[in-house]
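Only one chain is included here, represented as structure tokens and corresponding to the form predicted on its own.
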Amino acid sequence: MVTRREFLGMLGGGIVGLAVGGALGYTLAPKGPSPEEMAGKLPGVPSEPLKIGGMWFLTGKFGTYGDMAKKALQLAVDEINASGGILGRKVEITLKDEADRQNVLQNIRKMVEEEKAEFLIGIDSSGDVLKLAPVVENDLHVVTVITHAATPKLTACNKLHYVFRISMYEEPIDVAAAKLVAEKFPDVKKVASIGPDYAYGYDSWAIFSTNLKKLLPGVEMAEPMYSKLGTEDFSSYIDKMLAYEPDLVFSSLWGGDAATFVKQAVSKGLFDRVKYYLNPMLGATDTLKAIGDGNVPTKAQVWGSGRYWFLYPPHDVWPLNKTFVSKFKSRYGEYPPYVSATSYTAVYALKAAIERAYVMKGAWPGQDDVVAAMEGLAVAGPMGPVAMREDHQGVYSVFWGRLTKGAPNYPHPILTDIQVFDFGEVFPAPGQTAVKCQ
């Protein structure tokens, strides 16, 4: 496990590295005005509540993601309102369901134009975020903080103004996966893969395979397989893997699909035949809860990652994570997955940027003022300090951990033997990506 000295050392080196060539001047989020100042009604601050709009999958097979995001969002809003709101304005939320697939863009517009949301957060799907970004940038002109959608194309292939991403995206996680294999499993000779049949699945495999080939040039790779979201029977995919006889399986399946695949792969004996299984989306407590201790493989090593893990940074190293986990667990009876941490952090990032912009302007800030305040901001989240780069991508350390039974201490499997990668070694430079932008 990472020690406090090692964690702080990584932070120092990484933030210095971020500033190279950029003169970015990252700062932790400033303290807002005192309750006494806010009670006196700060000049230029509107009296009505500040409304934030959010969108995630709230129903259907992936509804647990939205439910966990909503819970963390409410936790943050309640904390902020209890301490006086944002510059004295009470925060309210309005939500839409991303599972309403035909009306994603219409519902985003509705939140801004009819329900008067001043800022937006959320979005699960990479495909949706790529459709949404041009609408926000060209039409709505509202600061939007992405909390989940992971495509590199959002920040690497576009010059963004109003859109920011607070969460880790797939590229550094997949780069770290390749480094993990090369460093810990150099005996790998054959690799098979399966991912969701849309942008995230294609991009994740492209990033991992490209980087692994550089590190282990002799590795043989099977033709990648892709399944539709919500697939209930993975038998045919598993049979192809068994026939190929890989040493390692790389899977970017997520949510219910990831859990279904693992349980069926256990049943069909895949984990008795392969040495290693890697899934960059496995570090979600809702997914692990669905898998259960009874399906943790005993022969193959199973490794997972994510945008956040509730036991990393270690609670004795980063107390904010301990406090967040404790509050979430006490209020909701379960441990927070990564979409909870990123959604929680997104609200505090907006708060920090609005307060910072107010100080600079001396009046309630407009959208462009908040953009200027978000650029170069670093905000403390449960996952550690998150620094916003010039490309509007938040950066922080990447972890991978080995799947282990959680009993008797936890109600679901957990990730142990945590391997940490400083963001300076796995994040591509701004504007660079292993995937094709067109």
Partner chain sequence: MDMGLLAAQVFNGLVYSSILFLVSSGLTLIYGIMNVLNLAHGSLYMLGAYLGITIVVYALGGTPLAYLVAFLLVPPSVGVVGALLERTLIRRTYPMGEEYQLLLTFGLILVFDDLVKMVWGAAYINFPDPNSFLGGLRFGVYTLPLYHVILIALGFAVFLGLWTFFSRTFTGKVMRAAAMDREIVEAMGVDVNRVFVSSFFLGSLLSGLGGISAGPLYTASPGMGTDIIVYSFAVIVIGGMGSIGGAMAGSLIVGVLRSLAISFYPQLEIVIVFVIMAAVLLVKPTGLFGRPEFERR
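Just so we're clear, the structure is a prediction, and the values are computed from it rather than from any experiment. Numbering follows the first chain given and starts at 1.
We do not show the form predicted together with the partner chain, though everything after this point is about it.
Is the partner chain close enough to Thr59, Ser236 and Gly255 in the predicted complex that each of the three has a heavy atom within 4.5 Å of it?
Yes, the whole candidate spot contacts the partner chain.
Heavy atoms within 4.5 Å of the partner chain in the predicted complex: does Asn321 have any?
Asn321: no, not in contact with the partner chain in the predicted complex.
Is Trp400 one of the residues lying within 4.5 Å of the partner chain in the predicted complex, judged by heavy atom distances?
No, no contact at 4.5 Å.
May I ask you to check whether Gln393 falls inside a 4.5 Å heavy atom distance of the partner chain in the predicted complex?
No, Gln393 sits far enough from the partner chain in the predicted complex that none of its heavy atoms falls within 4.5 Å.
Applying a 4.5 Å heavy atom distance criterion, does Arg273 contact the partner chain in the predicted complex?
Answer yes; at least one heavy atom of Arg273 falls within 4.5 Å of the partner chain in the predicted complex.
Only one of 368-376, 59-67, 382-390, 401-409 gets a heavy atom within 4.5 Å of the partner chain in the predicted complex; which is it?
Careful reading of the contacts points to 59-67.
Only one of Thr155, Ser193, Asn295, Asn211 gets a heavy atom within 4.5 Å of the partner chain in the predicted complex. Which one?
Checking each option against the partner chain in the predicted complex, the one that comes within 4.5 Å is Asn295.
Which residue, Lys327, Lys90, Lys263, Lys361, has a heavy atom that falls within 4.5 Å of the partner chain in the predicted complex?
Contact residue from the list: Lys263.
At a 4.5 angstroms cut-off on non-hydrogen atoms, which residues of 259-288 are near the partner chain in the predicted complex? List them in order.
Those in contact are Ala259, Thr260, Lys263, Gln264, Ser267, Lys268, Gly269, Asp272, Arg273, Asp286, Thr287.
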